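Single chain ahead, written as structure tokens, the form predicted alone.
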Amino acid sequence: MDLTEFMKFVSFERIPFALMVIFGTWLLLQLSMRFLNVLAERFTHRRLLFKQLGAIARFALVLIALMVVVGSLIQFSDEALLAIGGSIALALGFAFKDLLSSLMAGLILLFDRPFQAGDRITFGGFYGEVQEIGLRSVRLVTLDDNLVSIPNNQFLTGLVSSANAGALDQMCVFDFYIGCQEDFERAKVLVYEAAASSRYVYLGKPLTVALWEGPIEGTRDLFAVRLTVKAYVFDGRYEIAFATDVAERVKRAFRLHGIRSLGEVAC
């Protein structure tokens, strides 16, 4: 079927209605996303839930609008549908295979939920917060505020790790190094207290400090005592602020008690 024959099935008198549906859908998307973002900032303990609702609403509104527009503009008879259905499906499959695969992958991501909007994930060498699971791509905001768009279908075969897996709180891991001759017992207590007293810490989950002595990673003859803190920040958005706060507290505590960090020992 050529374009001239196809145009016979288009109801041109329905174009104003289709345009109204498109504009109304766009306006509804803008208002609903803005409303959900306001709710997310107002009720921060439910922030991830509102982001997830936004992703689902976006998919639902676009798919409904697409069906309404196509159904109103194109009217095929039963005979015409049988005659051209296969050829149109084949043509559309070749023309939109990448878009359709990304769309289907996006639906899989929403229901399989390897990660959710608001999660902090690592994928393809990038780490950041999932800002949006869109129709075509996932938008990731890195810690240095770069926006990275990754096609949805890449997540079906790639390895992805989620730091918080749908929870608002998130585990953070910090390493501190001191000389082998320093008071490691005192240092372990100071590091624990520094993390536990931070205003960003979430104490509803365990806070641990592990100690290890040996060569620094990447070296053979530089030995040190490494103290690894595993603590939860109450909201993943404050990951950097939490790390900075703990580092400052540890540095002040070490200085006060005469414990030299690795850099000071090397000097």
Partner chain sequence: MIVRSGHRRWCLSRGISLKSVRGVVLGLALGLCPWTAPAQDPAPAETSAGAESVVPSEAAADPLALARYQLERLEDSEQRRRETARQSLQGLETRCQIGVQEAAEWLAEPPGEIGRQQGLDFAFANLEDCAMALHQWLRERRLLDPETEAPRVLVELLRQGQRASLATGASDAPWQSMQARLEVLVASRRQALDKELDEAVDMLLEATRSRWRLASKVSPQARARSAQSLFTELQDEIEVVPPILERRLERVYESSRRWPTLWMEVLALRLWLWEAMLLIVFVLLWRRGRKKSQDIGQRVVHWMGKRSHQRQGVPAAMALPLRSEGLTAAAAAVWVAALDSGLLLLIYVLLLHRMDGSAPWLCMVLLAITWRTLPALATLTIASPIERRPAFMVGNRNVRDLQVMTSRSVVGWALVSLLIVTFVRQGLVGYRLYELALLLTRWSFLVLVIFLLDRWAPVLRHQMRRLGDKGWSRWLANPARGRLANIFKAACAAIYLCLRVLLMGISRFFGGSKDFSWWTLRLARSDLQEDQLVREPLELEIRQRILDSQAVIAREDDLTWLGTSLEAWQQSKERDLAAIIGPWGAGKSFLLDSIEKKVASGEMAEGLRLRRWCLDQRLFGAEEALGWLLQCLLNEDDIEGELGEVDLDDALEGRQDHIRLLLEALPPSLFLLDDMHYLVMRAVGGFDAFKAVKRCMYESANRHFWVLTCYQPAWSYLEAVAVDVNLDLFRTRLTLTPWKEDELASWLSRRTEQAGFEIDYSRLVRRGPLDEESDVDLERARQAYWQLLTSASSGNPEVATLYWLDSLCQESGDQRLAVNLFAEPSLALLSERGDTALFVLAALWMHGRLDTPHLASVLNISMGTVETNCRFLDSIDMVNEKPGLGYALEGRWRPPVERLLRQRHFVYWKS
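All of these numbers come straight from a predicted model, not from anything done at the bench. Residue numbers count along the first chain shown, from 1.
The same protein also exists as the form predicted in complex with the partner chain; that form is not shown, yet it is the one meant from here on.
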Discussion item. If the cut-off is 4.5 angstroms on heavy atoms, which of these, L168, L110, M171, L103, is the one near the partner chain in the predicted complex?
Written reply: L168
Practice prompt. Consider the chain as shown here, without its partner, and state which of S161, N146, S149, S197 has a heavy atom within 4.5 Å of the partner chain in the predicted complex.
Written response: S197
Worksheet item: the partner chain isn't shown here, but in the predicted complex, which of 128-136, 188-196, 151-159, 110-118 has heavy atoms within 4.5 Å of it?
Response: 188-196
Practice prompt. Please run the contact check for E248 against the partner chain in the predicted complex: heavy atoms, 4.5 angstroms, yes or no?
Written response: yes
Worksheet item: Closest heavy atom of G214 to the partner chain in the predicted complex, within 4.5 Å or not?
Response: no
Worksheet item: With a 4.5 Å heavy atom cut-off, would you call R42 a contact of the partner chain in the predicted complex?
Response: yes
Worksheet item: Should R255 be counted as a contact of the partner chain in the predicted complex, where contact means heavy atoms within 4.5 Å?
Response: no
Practice prompt. Could you tell me if all three of R46, F50 and V201 have a heavy atom no more than 4.5 Å from the partner chain in the predicted complex?
Written response: yes
